[in-house]
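For reference, the chain that follows is the form predicted on its own, supplied as structure tokens.
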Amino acid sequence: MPYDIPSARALIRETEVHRDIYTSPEVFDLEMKHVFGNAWVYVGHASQIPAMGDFITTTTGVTPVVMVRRGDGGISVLYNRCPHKGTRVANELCGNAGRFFRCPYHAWSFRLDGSIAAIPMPEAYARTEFKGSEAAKGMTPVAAVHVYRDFVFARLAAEGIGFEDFFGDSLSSLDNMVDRSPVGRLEVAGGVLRYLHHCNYKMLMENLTDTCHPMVAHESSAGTAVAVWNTMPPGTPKHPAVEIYAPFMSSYQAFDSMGVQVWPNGHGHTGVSHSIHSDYSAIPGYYEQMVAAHGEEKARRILDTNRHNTAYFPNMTMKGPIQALRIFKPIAADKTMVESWTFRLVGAPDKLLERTLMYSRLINAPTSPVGHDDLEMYERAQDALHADGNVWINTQRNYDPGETPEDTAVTNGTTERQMRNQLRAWKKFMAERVVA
């Protein structure tokens, strides 16, 4: 059926959601324009562009953008298209532009803030009132950019909700990850893992706070690792991989006791009281570094916060205890590129980075047996949603009729409340006008 904004918003009910928000190309096009236009979307990390002219290319929704370090030390986020013929200007995933970008089609050149540096044959435009044209403005900057503790976010809409109002107290998860560095600084390290999922990106976001699937979907992978470990002779040193795999096989009761936190605008996290990351072995010397940097009370408070997955609406998730971040990049209604990034805690022992890299390889990589458990479930769902017997998906577990889109609440760990929270945010930001 044809969709407009009101009919797309009607696809979200209190405890169920219509399949078309996962399968309809028309709905996908609307949400790329409106949800990803109105929300604040993660672009990249300042450590990726340390020097003048350094840039990365990425997307917000399906919109191509380039993040670049200017000569004054600031960061620009520009639409990655030439104002002349619309050609993508920066084609590499990352690089250094020097002092300006140069379009590969007709050699129009742009300063690092997007303004025009030079165009070929300027005399040909002398009597054309070129200065009043849209092209004379150069590469268009994204409307709103905010750098928070070196994490760079952008909002495409010229007007709308402010950064602090959009994220609110959910920024405490980012704070905790950065504060785990003795010097309060992170660096992207270890490159990026990318792999394609033939499913809608929202399935991945919802799965992050679905704590009733690990002991089922991951029985063949994490469950096998635990079974093999249980055959080891007494006294065998526990391999770090076992520490990573074993918590996935925790019981419903264990996950329920962990708790879920929801915040307004679709953000939330699992692991309030404890999480699957709570019982990792201590890294020698790290705690002492943290105490020296922060004092014992603050160091304990930072390190005792072990949130599982923090979901940042619309398409970012992070794990503070192991300094890992994932972006679910929508490509089509049934196609998503997953990017898994790892961070170094500056000033901390390298063993922490080694554990983060191991976690990413075992859980979030193209070769991960655990990640492919999830991938199989997503793709089964994407295919089966085309069946006409029932067009609705249920999100009713632990529903409270008093829930609202602006709730800040802590509840039990096996609820589907954070899924409902994300869907309510989708409905809110799927608006014809900008959302303030």
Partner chain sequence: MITDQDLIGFVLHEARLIDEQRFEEWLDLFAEDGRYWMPLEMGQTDPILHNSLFYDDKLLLRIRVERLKGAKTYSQKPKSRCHHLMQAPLVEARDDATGEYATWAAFHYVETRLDEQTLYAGWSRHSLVLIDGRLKIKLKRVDLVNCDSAFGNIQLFM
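Positions refer to the first chain, counted from 1. Note that the structure is predicted; figures quoted are calculated from it, not measured.
Keep in mind that the form predicted in complex with its partner chain is not shown, yet the notes after this line are about it.
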From the candidate stretches 204-212, 224-232, 68-76, 125-133, select the single one in contact with its partner chain in the predicted complex, where contact means a heavy atom within 4.5 Å. 224-232
In this chain shown alone, the residue from Ser170, Ser360, Thr270, Asn80 with a heavy atom within 4.5 Å of its partner chain in the predicted complex is Ser360
Heavy atom within 4.5 Å of its partner chain in the predicted complex: which of Leu375, Met52, Leu385, Leu30? Leu375
Verify the contact flag for Pro366: yes if a non-hydrogen atom of it lies within 4.5 Å of a non-hydrogen atom of its partner chain in the predicted complex, no if not. yes
Does at least one non-hydrogen atom of Asp113 fall within 4.5 angstroms of its partner chain in the predicted complex? no
Partner proximity in the predicted complex: Pro141 to its partner chain, non-hydrogen atom cutoff 4.5 Å: no
With the cut-off set at 4.5 Å between non-hydrogen atoms, does Tyr148 touch its partner chain in the predicted complex? no
Contact check, 183-197 vs its partner chain in the predicted complex, heavy atom within 4.5 Å, ordered by sequence, gives Gly190, Gly191, Val192, Leu193, Arg194, Tyr195, Leu196
